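First come two forms of one protein chain, each written alone as C-alpha cells, so that there is a structure 1 and a structure 2.
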Structure 1
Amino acid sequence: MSESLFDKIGGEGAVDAAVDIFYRKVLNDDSIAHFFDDTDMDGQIAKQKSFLTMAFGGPNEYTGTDMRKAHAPLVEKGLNESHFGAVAGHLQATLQELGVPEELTNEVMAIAGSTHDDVLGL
C-alpha cells in the first residue's frame, strides 16, 4: 500500500509544527485576523489543527456540508474570495517554511482548493 499524503508530510507531528506558524501568519494579517479574533486561544488552535489535518489529507470526518455550516456565519460577516486567497496563501507559505517538497505542497493546495465553494457558501 502506498503511503498517504498525510504520512508523507509527517502526520500529526507536521500538523503540530505547522499550527503555530500558520496561526501567527493569520493573526498578523489584518485582512482576515478579525475572523479569528476569539479570546479563547486554545479553541482557536484546536480549530487550526482541524484545518491543517484536513488540508494535509489526514483523518477527519468533515463533509462538504460541515464545511458549509462551519463557515456560514463567516460568509454572513462578509467572507469572500480575497479572504479565501489569503488563507490559502498563508497555508502555502507555512508549508514552504517547513520545507515541504513542492509536489506535496501542490497536493495540499488542491485539497484546500476543493473546499472553495463550500467554505464560501457558493
Structure 2
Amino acid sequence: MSESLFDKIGGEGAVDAAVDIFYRKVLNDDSIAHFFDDTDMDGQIAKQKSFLTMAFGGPNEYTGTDMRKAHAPLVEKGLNESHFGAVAGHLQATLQELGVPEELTNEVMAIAGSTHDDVLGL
C-alpha cells in the first residue's frame, strides 16, 4: 500500500504546525482577516486540522459542515476569487516555510484548488 500524503508530509505534527502558521498568516492579512472576525479560532483551527488530515489521506475524523454550506455566509459577505487566491498563497507560503518538498506542496495545492467552486459557491 502506498504511503498517504498525510504520512509523506510528516503526519499529525506536520499538519498541526502548518495550520498554526497558516492561520497566523491569514489573520495578519488585512484583505482576508475580516472574514474571521466572528469566528471561534480555536474551533476553526481544530476543524481545519481535522479536514486537512482527512483530505491528505490520514485518519478521517472530520465532522464539519460541507465546504459549500460552510462558506456560503462568507460568499454573502463578499468572499471572491481574490480572497481564495490570497488564502491559497498563504497555504503555499506556509508549506515552503516548513520545507515541504515541491512535489508534495503541489499535491497539497491541487487538493486545495479542488475546493475552489464549493468555497466560492460556484
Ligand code: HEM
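Computed from a prediction, not measured in an experiment: that's the story for all the values here. The term rigid core refers to the most C-alpha atoms you can superpose between the two forms while keeping them within 1.5 Å. Throughout, residue numbering runs from 1 along the sequence of structure 1.
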- prompt: Only one is the form predicted in complex with this ligand; which?
  reply: 1
task: Classify residue 30 as shifted (yes) or not shifted (no) between the two structures, where shifted means its C-alpha moves by 2 Å or more with the rigid core superposed.
output: no
message: Using the rigid core as the reference frame, would you say residue 61 shifts its C-alpha by 2 Å or more between the two structures?
response: yes
field: Exceeds or equals 2 Å, Cα of residue 95 between the two structures, core fit
entry: no
field: Core-referenced Cα shift (Å), residue 51, between the two structures
entry: 5.0
